[in-house]
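Only one chain is given next, in structure tokens, and it is the form predicted on its own.
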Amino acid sequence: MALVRIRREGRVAVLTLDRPEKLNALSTALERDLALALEAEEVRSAGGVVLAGAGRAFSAGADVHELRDQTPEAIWSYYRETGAVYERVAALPQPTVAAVHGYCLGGGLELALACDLRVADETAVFGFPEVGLGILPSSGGTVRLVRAVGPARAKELLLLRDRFDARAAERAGLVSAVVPAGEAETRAIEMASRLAELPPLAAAVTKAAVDAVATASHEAALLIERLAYGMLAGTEEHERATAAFEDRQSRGGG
């Protein structure tokens, strides 16, 4: 039985972590099923992707039973195999939105950070317990947290804040919106549906450009955006979108 369910909501693919009895703990089996789900036609043909969790949580983090007695060789192998799924989520060409409710801890928060945007309901509880366990977030979480909130706030969240609620996550810039309990997935689908209406190549290139300029020098960042503009400006997608815009303007639309 697959540990990740896939369904379509119009042009949006909704991927649901489906291990509720373990609060969607991220076992290697679940990570493997998530990787397979990302390759499914329902996802490949979607204009936007929502990641959600079944039951009482988005994900309570890594499966602790799999963390014990790991050798350096096994850890290195993990990052090359199922552990690579976090980067695959981040590399999706479509805009992605995490719908967070309940626990979103450790690896679960790293998975949410791999999405482009995050929506949390009022039940959401965030945290990075790794340092207290003598390790650190290593599935892209440390990197993405620093890029999202800056080094000082990242150190605070990693070292001082055991857990924090949805409003604190919003103030830190980790989530785009906080909604009433039970409404995170609905809002995430609404956002992803709107994102799915964007010209797909422009959305994909913009995502990649934003990620690249985050760590580039000023000169390199300018070059990235200018080259991306030069590529997109010559596409039929741009011509169609411009013609549609001009048509709306001529008819008095917005």
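Because the structure is a prediction, the values reported are computed rather than measured. For every residue, the number given is its place in the sequence shown, counted from 1.
Heads up, the form predicted together with a small molecule isn't pictured, but that's what we're talking about next.
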inquiry  = Is it the case that residue 152, even though its partner is missing from this view, gets within 4.5 Å of the small molecule in the predicted bound form, heavy atoms only?
reply    = no
message = When the contact criterion is heavy atoms within 4.5 Å, does residue 241 count as touching the small molecule in the predicted bound form?
response = no
query = Looking in the predicted bound form, any heavy atom of residue 130 within 4.5 Å of the small molecule?
reply = yes
ask   = Taking heavy atoms and a 4.5 Å cut-off, does residue 226 contact the small molecule in the predicted bound form?
value = no
ask   = Pick from 171-179, 68-76, 122-130, 88-96: which stretch has non-hydrogen atoms within 4.5 Å of the small molecule in the predicted bound form?
value = 122-130
Heavy atom of each of 7, 52 and 196 within 4.5 Å of the small molecule in the predicted bound form = no
request  = Check each of 40, 212, 29, 64 and return the one that places a heavy atom within 4.5 angstroms of the small molecule in the predicted bound form.
outcome  = 64
